[in-house]
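Just the one chain here, laid out as structure tokens, in the form predicted on its own.
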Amino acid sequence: MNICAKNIEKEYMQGESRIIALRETSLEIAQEKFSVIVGPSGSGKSTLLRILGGLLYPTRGEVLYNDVSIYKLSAGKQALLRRKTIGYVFQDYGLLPTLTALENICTPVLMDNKKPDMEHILDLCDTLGIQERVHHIPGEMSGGEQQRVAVARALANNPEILFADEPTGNLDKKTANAMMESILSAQKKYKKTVVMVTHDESLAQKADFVFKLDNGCLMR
């Protein structure tokens, strides 16, 4: 899946003030590579990620998936694209507290009225290092383990693309590095296109491609 953003701008109104979150941002995401969007807090990283991932309409510009402008699709086709093609991971793990890790991972597959591919899901758990935790509920797991479960859940439907918004933001440095290595391992093993937002430039150095944002502008 080729992803191309052209002249993306995003504006918000805050009271009577106009806030410009992104300014004329254009970029291409390499297929089956690990790309990172890095920048300080408030630079527009998460806004750009959500626009690239089909979660937030740009004020101007377009996002193309295989030359198809996704924000010109109907709402139903956009929802289908997100469900079939994209996995999302956010800073907040978002796990259901009463379900086991395995049940959480299987949830999006079941919601899509499909039978979970347990061979694939258990292989995911093994790749992400949570194979010993699949029958534990979130309250019995560390933050790093919960985030790995969230990554496995995002990949359970075998999407082409994974968008990750500050997935290490709630983790200490050591756990964040281990989390990054786990995502890299999964990306390479399953040949996924991964786009991750982080403010940590040391983590960004491990990516194939790095895009730097500052004050809503892509730095060249």
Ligand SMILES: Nc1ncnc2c1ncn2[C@@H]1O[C@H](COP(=O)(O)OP(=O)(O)OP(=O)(O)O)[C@@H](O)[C@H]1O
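Position 1 is the first residue in the sequence shown; the rest follow in order. In this text, all values refer to a predicted model and were calculated from it rather than measured experimentally.
This next part talks about the form predicted together with the named molecule, which is not shown.
For the residues Ser35, Thr47, Ser182, Asn157, the 4.5 Å heavy atom test against the named molecule in the model of the complex is passed only by Thr47. Look at 60 to 68, 182 to 190, 25 to 33, 38 to 46: in the model of the complex, residues with non-hydrogen atoms within 4.5 angstroms of the named molecule sit in 38 to 46. When contacts are judged by a 4.5 Å heavy atom cut-off, Ala204 does not count as touching the named molecule in the model of the complex. When contacts are judged by a 4.5 Å heavy atom cut-off, Ile19 counts as touching the named molecule in the model of the complex. Contacts to the named molecule in the model of the complex (heavy atom within 4.5 Å) from stretch 163 to 187: Glu166 only.
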